[in-house]
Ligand code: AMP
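Before any questions on binding or motion, here is one chain by itself as structure tokens, the form predicted alone.
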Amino acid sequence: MTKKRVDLHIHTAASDGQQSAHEVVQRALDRGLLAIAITDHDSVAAIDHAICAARGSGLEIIPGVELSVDDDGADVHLLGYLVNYRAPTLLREIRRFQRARYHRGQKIVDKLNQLGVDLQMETVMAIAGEAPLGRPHVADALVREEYVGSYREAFARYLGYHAPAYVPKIGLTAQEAIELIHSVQGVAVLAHPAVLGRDDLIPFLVELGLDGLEAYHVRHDTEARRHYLRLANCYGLLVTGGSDCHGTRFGQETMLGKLSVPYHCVTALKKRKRWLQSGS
């Protein structure tokens, strides 16, 4: 019997992914997935497009968003699932995040200019289009203008966390992010905890109302996956998983649907949402 598989961490061109919502839906159908979650960074613009593209196909679209948290010096990412993505509260905050992203991008370009890289903000914005500005757009601009030979080189030389043009994001606190997700009827999940490498933060996040851990992730090996499955069980958290697909950057095939994430992760999200709504 064919396993019911899902992918609950996908980015589109509405943030820093390379594929449109329609292309993402088509790839998910080609992979035989039962459900996908659109979890763009600081954007919910692709969700309606994905729902429209999937209409009549049987593919379930889970509305989501990925928020950045600056807590205790760590760059924490929180996934909000089953959010009311039309809620004025969320849309207002997203507009604020997008303005902050633009100003951050300008600072990165200024730093690049100081380093002798004559990149123009207009070039970066042309690549970003309507999407919230992020480092991947700057990296794409550096490649296009031939200041670097590859996306990977752009991050290694200029844009990575310890590189000379890096500028930290101005994010929410963990408490603010979890409260925001809950306020729009969403479920809050810690993204790729093995990549974060700060298990010491998990008890703190649980106290704030964290609902789950992303145990399945393309950068989690078998040992890491088992570790976070155990931690989730220990703290009474649900488990999610996904490819964290951004497209084909780094010259690789898109990872969408490559992981075997079981459908019961979706069932758990829906159960948790009902529990939150009941006020239990």
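Remember, it's a predicted structure, so these values are computed and weren't measured experimentally. Residues carry their position along the shown sequence, with the first being 1.
One more form of this protein exists, namely the form predicted together with adenosine monophosphate (AMP); it is left out here, but the text below deals with it.
Proximity to adenosine monophosphate (AMP) in the model of the complex holds for none of H182, G212 and W275, with the criterion being a heavy atom within 4.5 Å. Although the partner is absent here, F204 sits far enough away that none of its heavy atoms falls within 4.5 Å of adenosine monophosphate (AMP) in the model of the complex.
The closest non-hydrogen atom of Y151 lies within 4.5 Å of adenosine monophosphate (AMP) in the model of the complex.
Contact annotation for G134: at least one heavy atom lies within 4.5 Å of adenosine monophosphate (AMP) in the model of the complex. Taking the partner from elsewhere, F155 is found to have a heavy atom lying within 4.5 Å of adenosine monophosphate (AMP) in the model of the complex. Looking at 135-143, 112-120, 89-97, 170-178, the stretch with residues near adenosine monophosphate (AMP) in the model of the complex, meaning non-hydrogen atoms within 4.5 angstroms, turns out to be 135-143. A heavy atom within 4.5 Å of adenosine monophosphate (AMP) in the model of the complex is found for exactly one of R27, H49, H246, H220: H246. With contact defined as any non-hydrogen atom lying within 4.5 angstroms of adenosine monophosphate (AMP) in the model of the complex, H41 is the only contacting residue in 18-45.
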